[in-house]
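Okay, so here's just one chain, in structure tokens, the form predicted alone.
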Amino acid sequence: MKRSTASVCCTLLLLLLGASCTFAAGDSFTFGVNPQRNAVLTAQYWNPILAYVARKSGVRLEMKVEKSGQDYSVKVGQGEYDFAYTNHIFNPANARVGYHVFARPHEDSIRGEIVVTEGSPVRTLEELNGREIGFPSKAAFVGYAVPMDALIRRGVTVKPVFGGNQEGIMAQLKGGKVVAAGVNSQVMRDFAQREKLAYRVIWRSQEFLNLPLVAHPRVSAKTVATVRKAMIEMNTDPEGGKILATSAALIGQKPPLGFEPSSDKEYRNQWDFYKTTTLPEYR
């Protein structure tokens, strides 16, 4: 296995956060995190979890975060990461890499939503016709692909504005820079709670399982099994449970916390979406 190094950004974040771990000599594995939030908050959430998993499993995981969801999706399509927290593997452009699901968050399912602020006069999708609407990035599944597909099917034409990540476009919605936004229902809920933002859902999709944990085919089955065991046992271990609770508090995440085993089969409706979508970039 090629030894990987974390990005300069994440290295600085580790120092700022005071994270320190000692590992035996050996290979390290990159862990690419879908940039739904800003880099600092992402690091504050994930670094303690990955450090715990590394201590328990002996497998060193180095977090990598890109500037935007679009940049991240390109890296997924290039097979850049050994492990990742992402649903970008279902995009046909990335599926050929062969990432496979091995676990998922023990959380509620997510939906794509189109939302407006509570005081907005907009009540229907048709009222958005011809207007600028915010999305995280073109790579976002429930934040862009799913709601944009719904708009096209309804004959509603909008002018997309991209915020780089989920909370980036939510901040623009809060600031009144966009009249509506396509979002991940869970990230929107957590953001609104932290930011005291009252909002209203004018459209929502079917349910999809939350972002999975995936592994590149170059990672051995033994290594994947070792990491999976440490992750799924985390919420039953006092130390692990405390770390999960602390990370959850940072973003306003609600229980249940932790991870559970999963597989590609559980994500069938996400694979199927790309087979039937009206979006020209996926046809």
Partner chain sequence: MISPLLSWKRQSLFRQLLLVNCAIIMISIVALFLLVMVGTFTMQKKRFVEESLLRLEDFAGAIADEAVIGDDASIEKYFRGRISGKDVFQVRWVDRNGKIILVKTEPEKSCAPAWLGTLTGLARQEHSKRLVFGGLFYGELSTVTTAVATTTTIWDALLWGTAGIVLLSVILLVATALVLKGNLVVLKELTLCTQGLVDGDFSTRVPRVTQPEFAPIFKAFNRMAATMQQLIQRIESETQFMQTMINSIPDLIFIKDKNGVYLGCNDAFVSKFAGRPKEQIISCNDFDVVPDRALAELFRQQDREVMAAGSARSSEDSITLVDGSNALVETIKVPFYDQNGVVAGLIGIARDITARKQAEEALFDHQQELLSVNLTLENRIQDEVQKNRAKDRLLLQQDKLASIGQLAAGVAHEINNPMGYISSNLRTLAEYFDQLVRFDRLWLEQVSGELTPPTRELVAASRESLEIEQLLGDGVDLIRESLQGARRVTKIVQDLKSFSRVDALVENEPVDLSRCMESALNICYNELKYVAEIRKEFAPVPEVLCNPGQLNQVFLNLLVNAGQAITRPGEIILRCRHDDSFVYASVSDTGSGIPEEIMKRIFDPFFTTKEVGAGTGLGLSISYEIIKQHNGELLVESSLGSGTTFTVKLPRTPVRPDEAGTGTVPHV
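Residue numbers count along the first chain shown, from 1. Here the structure is a predicted model, which means the values were calculated and not measured.
Here the subject shifts to the form predicted in complex with its partner chain, a form of this protein not shown in this document.
Student: Just to confirm, with a 4.5 Å cut-off on non-hydrogen atoms, which of Ala245, Val40, Ile251, Ile232 contacts its partner chain in the predicted bound form?
Tutor: Looking at Ala245, Val40, Ile251, Ile232 one by one, just Val40 meets the 4.5 Å heavy-atom criterion.
Student: So in the predicted bound form, is its partner chain close enough to Lys67 to count as touching (4.5 Å, heavy atoms)?
Tutor: Looking in the predicted bound form, residue contacts with its partner chain include Lys67, since a heavy atom lies within 4.5 Å.
Student: My question is simply whether Gly241 lines the interface with its partner chain in the predicted bound form - judged by any non-hydrogen atom within 4.5 Å.
Tutor: Flag for Gly241 set to no.
Student: Can any non-hydrogen atom of Gly58 be found within 4.5 angstroms of its partner chain in the predicted bound form?
Tutor: Heavy-atom contact with its partner chain at 4.5 Å: absent for Gly58.
Student: Considering only heavy atoms, tell me if Gln44 and its partner chain come within 4.5 Å of each other in the predicted bound form.
Tutor: Gln44: contacts its partner chain in the predicted bound form.
Student: Have a look at 252 to 260, 45 to 53, 233 to 241, 212 to 220 and name the one stretch with heavy atoms inside 4.5 Å of its partner chain in the predicted bound form.
Tutor: Stretch with heavy atoms near the partner: 45 to 53.
Student: Heavy atom within 4.5 Å of its partner chain in the predicted bound form: which residues of 227 to 245 meet that condition, in order?
Tutor: Stretch hits: zero.
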